[in-house]
Structures are given as structure tokens and as C-alpha cells.
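One chain follows as C-alpha cells, the form predicted alone.
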């Protein structure tokens, strides 16, 4: 019988550009906050699971957990380093959850930290020009950066569901408005629809303010077993559901690095994420109507509209109406990214999924100062990563 797992503490370094701080410093800042909130010391920690970097290495090929442990807590603990690109943080969380649920460990830290290269995300440094590598072929055949793919999806939505340029702009406005009260966000100035539409066109129809930038950031969590928490008198937020998944054959999305594939009827768009969300719901025995807030990857304004429909919260096209009525606002029917989302934080690949879980934990504890969802009891995360990786975590109190 598996043990129930709780989030005991969460911590994060503010997102931004931090040229004078190393990736290790960002990680230790976040871990210090998480350990402090959990009232746990390094002597209590039995393992560290790190979402390992593809951009700034640490030890070798991103052995970040080992780098952290050798810096602060050499005591023979387990170190696990996982990949998964932008979904790496969710995979790290899932790994740590399994280590505790299985009874192997009682207290495990999860961490993601990243210092991103400037500009559009490039091919991973040092990658070989290998004709059997799909990502190499993608760059040779298309040379398209991420916004080009997202623009294709936005155009498809506008054509099929009638989404207007103003509605796409309104989604970006919502994210910046939510971030005004969040001290961790990189961009905390509210904007208006006309400002969004006046910003530079990056990939038609997506303007600069409708696409997430790249940032430096770090986030960390302390997970513990129910038995440990009861013995030590701590408090935590229950991990009700936790799942990772890959995509389904026939997915209509242009999933990076895949640039062409057959499309099959009945296969949901961005199936890797939808599959993970479905797995988290199944584990928790819940469904969309039970969720009080959704923290999801909004690489663009399009995601804000499309993903809630793909997860079963709304019918196709209904997100546009919900947005215009204020139902996606903090205090609305389904608050989306009360943190401000990636549009306000920027993308720090290995850290962002961990930050989503931190945000939901703070919301359920009533600690999301300046952007608190009233009486939040159940929250869901969703994230997408290169190679058709998806992750989702469902927390409850």
C-alpha cells in the first residue's frame, strides 16, 4: 500500500535575468526557502531530485542534484537527475513522489534552476549534426524557432473557432494583471489590449507581449510522507494526483521536434499534456469541476484559451467567452495562472514546472500574497516539454 505524500514547503528565487548569480546560487536560494517553510533541515533530507539543465551545466551533463549536495549536505543521500526539457520539473516531482509513496524515503527535495541563453531557445549546445536526430532535421529543414509553431496553432484557432486578435490580446492582459501582485514575477506592470497589439509582431498573429520570454529562475519543494509529518508535527498540502505522460500517435499538434505526422480522429491536441492531466485526475478521483485554480504553461496567449478546453474544463471555443466575462480571473469560475504565468515570468525551462507546484501549494495554504484565489482548496498544474513530454500535479487541502 503506497504512502500518502505531502508538500511540506516551497521556495523560489525571483524570475529575471541574473548575470551575476550562478545556477547553483539560484537553486540554493530556492531550496533555503522551501526548507524554511517546511521547518526541515538538511539532516532530515534523504534525497534530492533535480530537473537537470540542458543550457548551463553544473557538473558534467547537468548533474545538478550532485552539485547541490556537494555544496551543502554531503551525508550519503540519494541524488537523482532527470531530463524532459520544459517538463523536467514535473518529471522530477513525479520521481520524488514515487520515492516517498513507495516507502523508500520519507523526506525528498525537488529542485529546478536555470539560467537561459539570450533570445529564442536554440539547439542544445554541443548537439551533433546527426541525420537520425529529429531535432537536427527540424532546424535544417525549417529553421523555425518556437513562436512559429505557436503561431500556426493560433491561426488554426482563429480559423476554426473565430477567436479574434483582441481576445488573444486580452489573454496576455490577464496574465500581466495577475502578476502585478506577485513579487516573484519578472514583469509586474499591467498592460492593455492596444499596447499588446502595438507590440512588435513576432510570428503572425502573435505579438511580442503574447509570447513568453526566456528568464533565469529557480524553484524548490520539500515533499514528505504522512507518517513523517505526523511524527514531527508539520503541516502540508496533499498530493492527490501526480502523472507524467508522452503523446499519442495521431496528435494534430506540430509537436517539437516533430514537424510532420499523421493525424487521427479522436486524438486530442497536445496529447502529452492532456494525457498527464487525465492521469492526475484519475489518481485523485476528481474531475474538472473539482478544480479551484489551474497553473498551466502559457508559452503564448493561445495556450490560455486552448488548453482548458483540451483538459475538459470548457467546450471548444468557450474559453473566449469565459475570458471576456472575467471567469478566468482571480475570483472567477476557473482562475488561470493567478501567478501571472509564463507570460509574466518568462521561461526558465527546468524550473518552471516546479514553480507551478510551488504556486498551487501557496494558494492552498493562503500564502499567495497579492494574488490569492479566495478559499482555494484544490489546484492543478499542467506543463509541456520537448519530445512530447507532459506533466500534471493535483494538490488538495
Partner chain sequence: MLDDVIIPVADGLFEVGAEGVQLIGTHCTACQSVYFPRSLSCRNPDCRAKTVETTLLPREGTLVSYTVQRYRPPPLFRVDDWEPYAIGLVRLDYEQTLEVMGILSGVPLDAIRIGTRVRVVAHPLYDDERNTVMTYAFTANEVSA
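Remember, predicted model here, so these are calculated numbers, not experimental data. Positions refer to the first chain, counted from 1. Basically, rigid core = biggest C-alpha set you can superpose within 1.5 Å across the two forms.
Absent from the display: the form predicted in complex with its partner chain. The rest refers to it.
(request) Just one of 291-299, 146-154, 277-285, 100-108 has residues with a heavy atom within 4.5 Å of its partner chain in the model of the complex, so point it out. (result) The contacting stretch here is 146-154.
(request) Look up in the model of the complex whether residue 74 has a non-hydrogen atom within 4.5 angstroms of its partner chain, and give yes or no. (result) No.
(request) Find out whether any non-hydrogen atom of residue 123 is located within 4.5 angstroms of its partner chain in the model of the complex, and reply yes or no. (result) Within the cut-off, so yes.
(message) When the contact criterion is heavy atoms within 4.5 Å, does residue 139 count as touching its partner chain in the model of the complex?
(response) Yes - in the model of the complex, heavy atoms of residue 139 and its partner chain come within 4.5 Å of each other.
(message) At 4.5 Å between heavy atoms, is residue 254 in contact with its partner chain in the model of the complex?
(response) Close contact exists here: in the model of the complex, residue 254 approaches its partner chain to within 4.5 Å, heavy atoms only.
(request) Have a look at 321, 263, 198, 190 for me and say which one sits with a heavy atom within 4.5 Å of its partner chain in the model of the complex. (result) It is 263.
(message) Please identify the residue among 161, 203, 85, 180 with any heavy atom within 4.5 Å of its partner chain in the model of the complex.
(response) It is 203.
(request) Tell me whether 131, 134 and 249, taken together, all sit within 4.5 Å of its partner chain in the model of the complex, counting heavy atoms only. (result) Per the other structure, all of 131, 134 and 249 touch its partner chain.
(message) Quick check on residue 131: with the core superposed, does its CA move 2 angstroms or more between this form and the one not shown?
(response) The answer is yes; the displacement is at least 2 Å.
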